[in-house]
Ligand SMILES: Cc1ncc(COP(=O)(O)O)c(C=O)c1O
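One chain is shown next in structure tokens, namely the form predicted alone.
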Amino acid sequence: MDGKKALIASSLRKEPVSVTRKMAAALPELRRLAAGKGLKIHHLGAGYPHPEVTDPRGFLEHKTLYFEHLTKTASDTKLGIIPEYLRESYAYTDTLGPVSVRKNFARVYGADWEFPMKPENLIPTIGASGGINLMCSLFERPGVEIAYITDAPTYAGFITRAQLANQTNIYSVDMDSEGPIIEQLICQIESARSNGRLVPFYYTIPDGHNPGGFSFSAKRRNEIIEVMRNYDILILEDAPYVYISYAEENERPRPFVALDPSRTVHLFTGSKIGFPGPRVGFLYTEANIEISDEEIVPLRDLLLTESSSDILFHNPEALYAFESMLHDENMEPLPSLWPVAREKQIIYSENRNIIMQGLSDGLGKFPERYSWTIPQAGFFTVFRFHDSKIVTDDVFVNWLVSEYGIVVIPMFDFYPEDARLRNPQAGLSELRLSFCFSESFGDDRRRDLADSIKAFCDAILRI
């Protein structure tokens, strides 16, 4: 290998395939084996939005009516003049996207979480994952050694992205039932800095943690903010499930961005309350960042430059379509996004209750053997074996599919490498159970999910 090729090769890493992709790749063969035994497939693995809440037909009708409304209310309605929204929808646009979309989103989102959101600080992203990539890319560009602080376990997509650059390491923090353990969070920050690494942010999903299957307590959120202020570190808050909440209205914890917008980079995605296909998302922050001894600039400005170097022109038609969801059937602006989420909440809440009741009925008599998290938001619960002889590795989950038709996701790949060095058994007694997806609707969905959790409990009792 010549010098140039060797240099290129040394700059690349071969990272493990994400746990969900690995399962997706293995599933066709496992399905074949299950079908050969006459087994029905039970979906407790995929974290996909349910097709019952992503039927686009009503949305497409509403979008058409909204676009007609925009045409009628355009300031220039002369015959033959193309309305501004229509010109923008099918032309190059600013990296920030249409102004009205950001204004309408800032209005409702700020009202829902009780803080004055500034539309000029919103940057469109390709879903929340686009925001993760944008933040990592910005801080990796100078080439310094970086430590990304995150939870153990954490979102597999973040692990995959964070490990792309050679100069980055993940410093993870174990969690208890309220969130990351504060003493360990402080220890990891100090350890990373003593190793000469820049610590730009702490990444987390505090509401409906994926894959943790719970939400951070209000007390722990305030403790995290205090640590981040003391160490001058940002919070990268991934918030796909803030509206998929099962808590009473007066018990919903406020996201970090509402508690301290100058310390938080907040990632919103429309995938869970809207539609996953259009990949509409926003990054929001009011943070400032020091780029030299004498210069402090808005982080938003740096991220906008970074964004324009990656995706100069977002899809304005998709953004306008998202804006239509922020208006009612009379094209009046909605005061809140909770009505948009309500249909989804009803279905996911039903699913969650079926799973929780099924686990309680099937395995609740054996608290010394099994436990599971109680999700206050999101799509997941984490199921734990208390018997150390049971190892939930790839062999185990493949066996569940081939012998019982039950699809689940193992937890060990959600733990960063350093967490598995601290504890070689990390995740090897746990499974992530998803209650968001099935291939059926209405009563069939309810029956299939009840059958799935009963089949899971029966299989567990046979082990």
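So that there is no doubt, residue numbering starts at 1 and follows the sequence shown. The model shown is predicted, which means the values in this text are computed figures rather than measured ones.
The following text describes the form predicted together with this ligand, which does not appear among the structures shown.
The listed set N210, N351, S307, Q376 contains one residue whose heavy atoms approach this ligand in the predicted complex to within 4.5 Å, identified as N210.
Site annotation in the predicted complex: the residue of S172, S245, T381, T269 reaching within 4.5 Å of this ligand with a heavy atom is T269.
Annotation: in the predicted complex, residues A128, I205 and R279 each come within 4.5 Å of this ligand through at least one heavy atom.
For this ligand in the predicted complex, the listed stretch (188-196, 97-105, 235-243, 388-396) containing residues with heavy atoms inside 4.5 Å is 235-243. Proximity of F322 to this ligand in the predicted complex falls outside the 4.5 Å heavy atom cutoff.
Within 4.5 Å of any heavy atom of this ligand in the predicted complex lies no heavy atom of Y85.
Proximity of Y155 to this ligand in the predicted complex falls within the 4.5 Å heavy atom cutoff.
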